[in-house]
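Single chain ahead, written as structure tokens, the form predicted on its own.
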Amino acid sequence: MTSGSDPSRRFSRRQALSLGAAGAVTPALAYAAPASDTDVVIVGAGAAGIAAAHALRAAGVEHVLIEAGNRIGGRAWTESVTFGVPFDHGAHWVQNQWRNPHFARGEQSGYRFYPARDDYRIFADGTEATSGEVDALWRTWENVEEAISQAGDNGWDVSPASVAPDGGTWTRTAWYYIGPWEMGKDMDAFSCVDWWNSADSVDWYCAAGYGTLVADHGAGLPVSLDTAASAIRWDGPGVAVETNRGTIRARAVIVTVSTGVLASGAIAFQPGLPQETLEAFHGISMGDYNHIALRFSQDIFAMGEDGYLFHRVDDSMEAFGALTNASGTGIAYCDVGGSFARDLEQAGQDAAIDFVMERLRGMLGSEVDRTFLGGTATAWTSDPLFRGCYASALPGAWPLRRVLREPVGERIFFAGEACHPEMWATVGGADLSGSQVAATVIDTLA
């Protein structure tokens, strides 16, 4: 086993997934019919919507929080039914430490909350990589990141594929783990400037699940579940939000759904939004990222809890990276990203599990099947309530992230991870965006 700690925090997962967590809210409030008239409507009860609701309530602003799904938390969702222990369907890495409001909540929660380790095993063609091979991977990784960083620092709004070294035994491996595994996008599908301007951090874990922290923060908030917005009319003095449970009239609306949902046209705006805003929905686009989660009866990876397992990637770019024995539960988060994640999601859960199990057999042998207890796979891209994992700028689209933060007609405001200038792709960024936008709405209404 090769292990070590890298000073550049290659495993900080610079843009680690900010997909889901949630839990139950008070049933009497959760399914209450939404009021027909209010000051502000918040569309979406993920981390941004929850934060906005707290800010409006603290300011005494009348508001209605609606959620199309049957739970709160959005892409931060923890449940214990699948494996009998907490399983994060989406967000798992608590990032950005004190900049992230959920970091303080984790420390104060009473749950086991602790920093991520940086131990790993790397395999090359089914056998453990030698120390020389591991060193070659890190050199390649650093060279690729240096090229992306230089382009981003120079303001080149181009794809990493257009500037990064291409060629060599470990190049595709570095490309996969920097691109699809960290960003949820292939190396030709995101912007060097956007990558460069993202916040990096040391990661922490909550053993009870990141989604549990988000659900706890939203517990007790009045929210109308199973209430989907289909249209937002703003041709009058305020807004009218049309839902499957009636129309809600308000002075302003805070829209916290993903750019994937907005780009799909699932919510119609009447009259239409400015062209630049529509372009932002598509330019700050969702990535593709899924957990293929497997639970084992013992630590077959032999790294203790929360280790990392990588393997050499060939030109097919069909690969995964695993967080093993998460919080000592026996769950391995075998994560796939980019176009391969999208293809595997379309192939179905069984195909996804079979892919990872076959690769693990080649690395670890018969122990894989002997200790396997069960598995599942997330499918964020095909979920109509999300349409992907988290948003990053396409090459050439970095300026559109600023456009997302601009209100329309002083009545329509957008919030969420995609709107935060640096902490996008994180639950903390969504929380801060929700609070900041709510403060702007309060000032606007005043």
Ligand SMILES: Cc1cc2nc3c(=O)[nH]c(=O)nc-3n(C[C@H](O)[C@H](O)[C@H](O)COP(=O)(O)OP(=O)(O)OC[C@H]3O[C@@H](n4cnc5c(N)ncnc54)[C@H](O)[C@@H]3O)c2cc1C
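Small disclaimer: the values here were computed from a predicted structure and weren't measured. Sequential numbering from 1, following the sequence displayed.
FYI, the form predicted together with the ligand isn't displayed, but the following is about it.
- The stretch among 257-265, 107-115, 344-352, 146-154 whose residues place heavy atoms within 4.5 Å of the ligand in the predicted complex is 257-265.
- None of the heavy atoms of residue 212 is located within 4.5 Å of the ligand in the predicted complex.
- In the predicted complex, residue 185 stays away from the ligand, with no heavy atom inside 4.5 Å.
- Of the heavy atoms in residue 228, some are within 4.5 Å of the ligand in the predicted complex.
- When the ligand is considered in the predicted complex, residue 380 lines it closely, a heavy atom lying within 4.5 Å.
- Proximity to the ligand in the predicted complex, taken as a non-hydrogen atom within 4.5 angstroms, holds for one residue of 324, 173, 191, 95, which is 95.
- This chain lacks the partner; the member of 394, 61, 403, 66 within 4.5 angstroms of the ligand in the predicted complex by a non-hydrogen atom is 66.
- In the predicted complex, 66, 67, 68, 69, 73, 74, 75, 76, 89, 90, 91 are the residues of 52-91 with at least one heavy atom within 4.5 Å of the ligand, listed from first to last.
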